[in-house]
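Okay, here we've got a single chain as structure tokens, the form predicted on its own, with questions on binding and movement later.
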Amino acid sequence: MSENPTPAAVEPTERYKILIVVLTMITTVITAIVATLQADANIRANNANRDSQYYAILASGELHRSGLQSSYDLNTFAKILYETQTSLMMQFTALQSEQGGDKFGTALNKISALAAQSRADKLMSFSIFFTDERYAPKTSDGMPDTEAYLKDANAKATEIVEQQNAAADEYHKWSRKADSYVGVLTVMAVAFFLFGLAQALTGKMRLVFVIFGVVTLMAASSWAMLILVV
């Protein structure tokens, strides 16, 4: 009579095959999840890149607009100062002419002083430095708050630039994540390859490739988790 081999002497081929199939299914599921995360990161990166470009265009337009507005306001203010100084100078000249007995010169200088002051008053009605209570002088002989004006003039552009920078940072963040997920998928492909080889082999070599495949799968999964949380 021939002796039947003991169960311990029989290689558990079917058990290994089932294990490899299970591991392959687990790898497939994890790969699908990572691929979804990679697609989501790509979408977020594209959206952030679009927002960054949009805010960059807005910032450029706002800087151009504020530059034109500031140029007009400051030029108008400079003309007001010039006409006011001209009026004061002509009044002083008229006083000198009056003291020298030059009646015609006195009258002419007074008219010039009034004309200059009239031009200054008219320009004030078009100047934000005298019509806007945020910057208008607090006293009759005071000066406008030019510092507050310059701060407010650049506030909108600064806000848009901050939004653009935030969108750019968001783009770089998600772009790096998407690229990293591609690396994870590459490692997952190696795990698939190892499990495929294990399916075709027998004996201890099958177990070796299964172990390497499990280690590769765990490393890829850990990497994916790290990318997700960081």
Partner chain sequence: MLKRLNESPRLEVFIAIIIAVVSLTTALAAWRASMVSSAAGDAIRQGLIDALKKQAAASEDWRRTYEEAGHAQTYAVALAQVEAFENSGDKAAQAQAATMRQYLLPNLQLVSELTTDERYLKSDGTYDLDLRFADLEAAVPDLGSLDPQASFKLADQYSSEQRWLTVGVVLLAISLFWLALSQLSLKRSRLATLAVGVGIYLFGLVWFGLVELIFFSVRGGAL
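Numbering follows the first chain given and starts at 1. On a predicted model such as this, the values are computed, not experimentally measured, just so you know.
The same protein also has a form predicted in complex with the partner chain, omitted here; what follows describes it.
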Given that the partner is absent here, state which listed stretch (179-187, 201-209, 58-66, 161-169) has heavy atoms within 4.5 Å of the partner chain in the model of the complex. 58-66
Verify the flagged residues 94, 97 and 173 against the partner chain in the model of the complex: is each one within 4.5 Å by a non-hydrogen atom? no
Can you pick out, from 146, 85, 118, 154, the residue that has a heavy atom within 4.5 Å of the partner chain in the model of the complex? 118
Given that the partner is absent here, does residue 114 sit within 4.5 Å of the partner chain in the model of the complex, heavy atoms only? yes
Decide whether residue 134 counts as a contact residue for the partner chain in the model of the complex under a heavy atom distance cut-off of 4.5 Å. no
Taking any heavy atom pair closer than or equal to 4.5 Å as contact, tell me whether residue 21 reaches the partner chain in the model of the complex. yes
Contact test in the model of the complex: residue 125 vs the partner chain, heavy atoms, 4.5 Å: yes
Contacts with the partner chain in the model of the complex, stretch 74-103 (heavy atom within 4.5 Å): 76, 79
